[in-house]
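The chain below stands alone and is given in structure tokens; this is the form predicted on its own.
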Amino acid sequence: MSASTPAGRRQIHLAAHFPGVNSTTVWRDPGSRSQIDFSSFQHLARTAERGRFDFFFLAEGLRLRERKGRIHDLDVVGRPESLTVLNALAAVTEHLGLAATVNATFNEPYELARRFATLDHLSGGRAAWNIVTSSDAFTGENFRRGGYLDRADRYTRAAEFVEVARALWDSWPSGGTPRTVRHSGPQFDITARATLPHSPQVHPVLIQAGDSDEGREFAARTADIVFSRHGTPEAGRTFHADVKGRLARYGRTPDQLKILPAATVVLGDSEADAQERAAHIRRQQVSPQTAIATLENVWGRDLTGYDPDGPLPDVEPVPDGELAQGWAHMADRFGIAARWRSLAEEKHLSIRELAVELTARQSFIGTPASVAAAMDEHVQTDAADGFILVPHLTPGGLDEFVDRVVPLLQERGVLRTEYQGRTLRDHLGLPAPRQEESA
């Protein structure tokens, strides 16, 4: 369970996802600015810190996505490397945690352990690592090892990767001398000494994002935070119970793992105003070109000849057709196409209207008071321990939430009014890492 207030209400944990290369961001909005300029990162981070958020979260992009041999429209603006950005943010923030998504498939544990230890030292104990894996051979072409790993092998490598990184983080205690780490396993064969002593958190906070059975087990064994996609209360409670139920087999308690689903918020002065704004945002997020591309990912064939405001294609998907590279592989194309046709027929949806319906990600829509109440209810009823907020504007998308919802959460006694600790583990109420786990 989450930490509780003196009145017994559980605290809400909040994180800020920097909106970048994704279909959530509305780049045509006049309020959108650069996703590369440091002022954008600084604005969102300082807004999150003003709202007493736990941490700032950056995704990863190791290769530009391609469609029909051309770079995807959203990728042409690029994406900086996460740890470099967070090291710069450490200098302009004081309390906010700094979380970087870094791939365990295409990196090496010695180098990555050193880079995260550096961020933890520079930030005074605010580093977090979102551990991801990749089965994408297209991305693998960027690296010496190349290729891809099957799902089970990806998590096997990730588990061994974390084991080696932890051994390195533990190998140089404060005030002591570094010992040599010797590790020989299927993925790594290392004899090394760390170049830095214990950082303030000893280990960065570990985040895991993945919903498969392997991913849930990896999270129960390894992670401090799960970045979940289960946004509805019912789905959230089922996921919450399942993952936290796995902790005991690893000698862990429920308060040692926080479950934070991604969430979006649309506010209005009335419920009707909020719904109108939400519908407008959804339509901005799905352009006619994006609608066609959404269907092409399933059909595996060029559909540019179809009218985005017309009915769904009358042709069948191509089983092995791939027009886009750098996207997750789409399984069961025929089943998905059948379900989408059924949904479009039932609701009388055009291609674009269907894409809007399928990609809607607005978790909380309402007045500041109703949104604060809904978020509080999620946490008090074990649907989540908090949320990673994904605004639709860069970089001012959190301003309204912090100005109008945060004060109401604080009035409810479920969000801190001041930071009480120094490190990200302090913010999250997480215990210090047990060194015997990784020695």
Partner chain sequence: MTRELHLSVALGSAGPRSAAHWTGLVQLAELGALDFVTLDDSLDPADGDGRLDAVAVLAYAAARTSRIGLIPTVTTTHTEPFHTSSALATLDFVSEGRAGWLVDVSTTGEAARAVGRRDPAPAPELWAEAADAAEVAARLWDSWEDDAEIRDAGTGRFIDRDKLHYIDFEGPRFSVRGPSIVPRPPQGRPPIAVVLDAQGRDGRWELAARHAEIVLLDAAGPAAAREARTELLKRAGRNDLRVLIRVTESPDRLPELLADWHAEAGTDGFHLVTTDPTEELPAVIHDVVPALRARGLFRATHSGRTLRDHLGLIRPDSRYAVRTETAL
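Model, not experiment: these values are computed from the prediction. Numbering follows the first chain given and starts at 1.
From this point on, the text means the form predicted in complex with the partner chain, which you will not see here.
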### Query
For this chain shown on its own, do 365, 382 and 420 all sit within 4.5 Å of the partner chain in the predicted bound form, going by heavy atoms?
no
### Proximity to the partner chain in the predicted bound form (heavy atom, within 4.5 Å), stretch among 274 to 282, 307 to 315, 135 to 143, 237 to 245
135 to 143
### Query
Here the chain is shown alone; which of 63, 52, 412, 43 has a heavy atom within 4.5 Å of the partner chain in the predicted bound form?
63
### Single option in 269, 211, 111, 302 placed near the partner chain in the predicted bound form, where near means a heavy atom within 4.5 Å
111
### Message
Can you tell me whether residue 85 touches the partner chain? I mean in the predicted bound form, with a 4.5 angstroms heavy atom cut-off.
### Response
yes
### Query
Hey, in the predicted bound form, does residue 121 get a heavy atom within 4.5 angstroms of the partner chain?
yes
### Task
Indicate whether residue 195 is a 4.5 Å heavy atom neighbour of the partner chain in the predicted bound form.
yes
### 4.5 Å heavy atom contact, residue 343 and the partner chain in the predicted bound form
no
### Residues of stretch 238 to 276 in contact with the partner chain in the predicted bound form (4.5 Å, non-hydrogen atom)
none
